[in-house]
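Single chain ahead, written as structure tokens, the form predicted alone.
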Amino acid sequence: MNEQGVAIAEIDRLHERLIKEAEVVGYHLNPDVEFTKGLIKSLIINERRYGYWACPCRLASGKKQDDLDIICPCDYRDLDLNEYGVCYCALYVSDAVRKGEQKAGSIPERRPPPAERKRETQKKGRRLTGLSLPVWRCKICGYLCAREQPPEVCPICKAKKDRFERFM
């Protein structure tokens, strides 16, 4: 046990699980194992504290409904990976960063301030039609996802990003 009461074996098990889960869908954990395990320890602490994996680099409210966008993997991960090669807390990295072809830098915060998030939540509750994100379709297997950019790798058939088309 370390000073926060998290067993090293627990961190190691979650680290191995997250590596497998990330790579199945085309992502990678940060190759700096010590740094990554520190983030994983924080996820475990946040799960005990709040009951969910609040991003270790953001201030959680303790109300799951208010923090849905920052439960790991957060809503901003894909945008950050596409634009910067790493997510905000740098738990997830692109293939280029993992291989050392791209250097990880600082990431600006995409999460809107609380008042703006509240307005967005209220607007979404009233909206009956229309999507706020484009829908992408894998041309190989037909997998659909709504997000700013297609995934790097299809989670179903493992086709690369260039095999996705915008779906109407």
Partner chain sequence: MTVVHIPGKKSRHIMLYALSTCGWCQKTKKLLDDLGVEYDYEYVDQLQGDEREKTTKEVSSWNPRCSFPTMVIDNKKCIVGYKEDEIREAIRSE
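Quick caveat: nothing in here was measured; it's all calculated off a predicted structure. Positions refer to the first chain, counted from 1.
Omitted here: the form predicted together with the partner chain. The next part is about that form.
Query raised in the report: Within 4.5 Å of the partner chain in the model of the complex, heavy atoms considered, which of K64, K139, K118, R110?
Result: Selected option: R110.
Given that the partner is absent here, does L59 sit within 4.5 Å of the partner chain in the model of the complex, heavy atoms only?
Answer yes; at least one heavy atom of L59 falls within 4.5 Å of the partner chain in the model of the complex.
Requested in this report: Consider G51 of the chain shown here, and say whether it contacts the partner chain in the model of the complex, taking contact as heavy atoms within 4.5 Å.
Outcome: G51: no contact with the partner chain in the model of the complex.
Original post:
With the cut-off set at 4.5 Å between non-hydrogen atoms, does I71 touch the partner chain in the model of the complex?
Top reply: Residue-level check for I71: no, no contact with the partner chain.
Exercise. Please run the contact check for A90 against the partner chain in the model of the complex: heavy atoms, 4.5 angstroms, yes or no?
Key: Yes, A90 sits close enough to the partner chain in the model of the complex that at least one of its heavy atoms falls within 4.5 Å.
- [ ] Please state whether every one of the three residues L39, S42 and I45 places a non-hydrogen atom within 4.5 angstroms of the partner chain in the model of the complex.
- [x] Result yes, every residue of the spot touches the partner chain.
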